[in-house]
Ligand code: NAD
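Read the single chain below, which is given as structure tokens and is the form predicted alone.
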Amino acid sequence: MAKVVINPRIRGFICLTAHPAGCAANVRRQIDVATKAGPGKGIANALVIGSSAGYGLASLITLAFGHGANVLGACFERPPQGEKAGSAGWYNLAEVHRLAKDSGRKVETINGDAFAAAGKQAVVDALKARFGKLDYIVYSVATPKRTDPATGTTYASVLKPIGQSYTAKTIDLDADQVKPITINPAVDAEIEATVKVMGGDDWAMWIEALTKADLLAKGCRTVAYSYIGPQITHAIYRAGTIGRAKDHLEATAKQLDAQLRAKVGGRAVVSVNKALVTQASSAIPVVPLYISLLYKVMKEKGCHEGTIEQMVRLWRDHLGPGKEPKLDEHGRVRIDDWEMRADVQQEAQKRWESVTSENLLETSDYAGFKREFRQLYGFELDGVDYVQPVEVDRPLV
């Protein structure tokens, strides 16, 4: 058994290391929230595609520990090797598996390429062998690249505006400085590639594969996650390449909704979630500064939520057994409603206009943003002794 001291190695929006004990502590906090909030039963079987971090991990925890579901997760994470630590997602799931086993819950993980036909087949085989038909399917994949299994072409997404260059404020995450940034517009091929990676194609392929395998229970529901955001981030997010992909995802939801209604009396919806510190959101220019301002405002107003609180509310109010999802005029669930409150956005906009490097820590919750970013990788968690060597070999039992 290899024990090593692990320190954070951070470059911009990427952390190259993960702490097993810290990741475990982060997961235990989320499980505690879900267990206290959920009814504890009511859902038989669920599949979470993209189950190891962010909203996918919080969905798995909510379903398994809040609603008593048997959950199969699919993800692509790096296991530990010798003294080399695994990825944060691996350690997140190792703790989920451990606690599920201890409490008599059924959670399994298929670790592989969810985009590939072989990855989908491995999930289908596991469901047939050990689970049965699905009541819920969560699609929460966030990745910069995707290989289309039908053509073998690999697409890479870009974070760019469409039509014209975009200039705004952003945070240099290495220097902790507010700086101007100008991003040139995407060309057509980049827009198409981003839609291929982050749109609804793969979600539709999953539903097709599960339908063909007769793995959809009566009333089966599937949900994918999206974001709209404020005017502050509109040009780089919703009006940019990512937004074009989200438009495709939402159009796919309507097609899948019609199919599931006809096939099993089910539903397909997109949930528009709140801006949160995730591995994906930290990579988008402008967004970390907006999130830092938003967190300060929402914490002051007493309406801040993290990923697990958002997912608990999603199933409690919209997706749980017997619940009819409340939809906006475009057919989307909106649990970004507290973020988009007029008073929250007015204050965030006011602070956006005045924030500088000099007043960053007073105007925003940038310190909280940085801490929460490190916590994604298991660092800066209360009660963890980071000076002591830690066992890196934690299996998915």
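Sequential numbering from 1, following the sequence displayed. Quick caveat: nothing in here was measured; it's all calculated off a predicted structure.
Heads up, the form predicted together with the named molecule isn't pictured, but that's what we're talking about next.
Site residues Ala217, Thr222 and Gly266 are none of them in contact with the named molecule in the predicted complex, judged by any heavy atom within 4.5 Å. Not displayed here, the named molecule is kept clear of Gly66 by more than 4.5 Å at the level of heavy atoms in the predicted complex.
At the 4.5 Å threshold, heavy atoms of Ile43 stay clear of the named molecule in the predicted complex, well away from it.
When contacts are judged by a 4.5 Å heavy atom cut-off, Ile162 does not count as touching the named molecule in the predicted complex. Proximity of Gly132 to the named molecule in the predicted complex: non-hydrogen atoms within 4.5 Å are absent; the residue sits far from the partner. Between 122-130, 135-143, 167-175, 149-157, the stretch whose residues reach within 4.5 angstroms of the named molecule in the predicted complex through a non-hydrogen atom is 135-143.
Between the options Ala275, Ala193, Ile183, Leu210, the residue in contact with the named molecule in the predicted complex by a heavy atom within 4.5 angstroms is Ala275. Between the options Asp247, Asp317, Asp113, Glu300, the residue in contact with the named molecule in the predicted complex by a heavy atom within 4.5 angstroms is Asp113. Residues Gly50, Ser51, Ser52, Ala53, Gly54 are the ones in 15-54 with at least one heavy atom within 4.5 Å of the named molecule in the predicted complex, listed in sequence order.
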